[in-house]
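Shown below, as structure tokens, is a lone chain in the form predicted alone; questions about how it binds or moves come after it.
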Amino acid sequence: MGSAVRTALIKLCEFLLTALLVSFFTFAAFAIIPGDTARVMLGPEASEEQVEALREELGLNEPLAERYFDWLGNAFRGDFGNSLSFGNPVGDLIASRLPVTLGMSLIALIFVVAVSFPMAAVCSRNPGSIKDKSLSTAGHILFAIPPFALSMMLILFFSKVLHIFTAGRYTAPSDNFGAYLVSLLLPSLCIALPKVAMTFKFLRASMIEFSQGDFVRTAKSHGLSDLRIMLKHIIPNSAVSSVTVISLVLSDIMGGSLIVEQVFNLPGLGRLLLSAISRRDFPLLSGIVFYLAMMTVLLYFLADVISAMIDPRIRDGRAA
């Protein structure tokens, strides 16, 4: 118990330090970007007196360190100020777009797990077989196709050939939850397919390694079936690497969703981010970047904690 608590505290300290560094670099990146926020808000026709008065009101004349700590305190309360282009609180704008981005990410993750694990289990039983080579080749092809290209191909196939999908049609979950899920299925599939290939590759290698262990030969000598050996021995022993891979895949999924949203014309964080960039909306831009960075850091933190809970060697510092 002591080692588990110590490991959790160490991971928590690492998480807090990483979060602090992420917040600093996020703030610093937008603080040093050329351009006057007050001038952007007031427009090119505003006088210097008006611009200077607004700079004073927004605290832009304060020292950089003081501005950072003010921004940091507000950021961890979810207050990123108001958007320059929309006029609404940044937190409200991000929250309004989360159902799209998070919904796509979760559906894609479910698809990745549901497909990659059975594929890896099948291929690891007979490495080098025709089935293994065929699935591995298909995985390499999927991994090589960029998400935006795959999105366009699937849109053409499902909308022009099968006539069962219309790109850009989105239903909010509050209006019709079933239609909301249906509207996100094809975009989520476009995100998931390359990630299936990546996850399958890692899981296959891990399962093949464990299937050659002494404990598997012992289990076979005791008459256990291949299915029971897979479920009771190989998959549980692959759990640590699986957690790590899935955390990497999920953070990659969230990044890929920003691109796919543009192709499918979905009102998610990706479109909001592009809008903030094009309008030089620094409060909105820094809020979105900070949120996405913190989500990634949180995923890695949870993966470390779960891995330590699963594998005692990690808790005791005996495994890398």
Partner chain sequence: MRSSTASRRYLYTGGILLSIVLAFFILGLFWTPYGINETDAASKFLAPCAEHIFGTDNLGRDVFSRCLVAARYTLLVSFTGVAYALVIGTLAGLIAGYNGGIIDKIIMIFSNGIMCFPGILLALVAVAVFGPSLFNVIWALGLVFAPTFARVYRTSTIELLGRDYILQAKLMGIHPLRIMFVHILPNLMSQVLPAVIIGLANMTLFESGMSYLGLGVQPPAASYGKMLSDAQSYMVSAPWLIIFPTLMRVCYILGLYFISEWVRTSVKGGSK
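Quick caveat: nothing in here was measured; it's all calculated off a predicted structure. Positions refer to the first chain, counted from 1.
Another form, the form predicted in complex with its partner chain, is not on view; read the next lines as being about it.
Chemist: Answer yes or no: in the model of the complex, does its partner chain come within 4.5 Å of a heavy atom in every one of L84, A172 and L302?
Modeler: The answer is no; none of L84, A172 and L302 reaches its partner chain.
Chemist: So in the model of the complex, is its partner chain close enough to L12 to count as touching (4.5 Å, heavy atoms)?
Modeler: Because no heavy atom of L12 falls inside 4.5 Å of its partner chain in the model of the complex, the answer is no.
Chemist: Does H163 make contact with its partner chain in the model of the complex, using a 4.5 Å heavy atom cut-off?
Modeler: No, H163 sits far enough from its partner chain in the model of the complex that none of its heavy atoms falls within 4.5 Å.
Chemist: Can any non-hydrogen atom of L273 be found within 4.5 angstroms of its partner chain in the model of the complex?
Modeler: Because a heavy atom of L273 falls inside 4.5 Å of its partner chain in the model of the complex, the answer is yes.
Chemist: Using a 4.5 angstroms cut-off on non-hydrogen atoms, would L285 count as touching its partner chain in the model of the complex?
Modeler: Output for L285 is yes: heavy atoms within 4.5 Å of its partner chain.
Chemist: Heavy atoms, 4.5 Å, its partner chain in the model of the complex: which of 151-159, 68-76, 100-108, 177-185 makes the cut? Say which one.
Modeler: Only one stretch passes the 4.5 Å heavy-atom test: 151-159.
Chemist: Do any residues of 270-309 have a non-hydrogen atom within 4.5 angstroms of its partner chain in the model of the complex? If so, which ones, in sequence order?
Modeler: Read in sequence order, the residues that approach its partner chain (within 4.5 Å, in the model of the complex) are L273, L274, I277, R280, F282, L285, V289, L292, A293, T296, V297, Y300.
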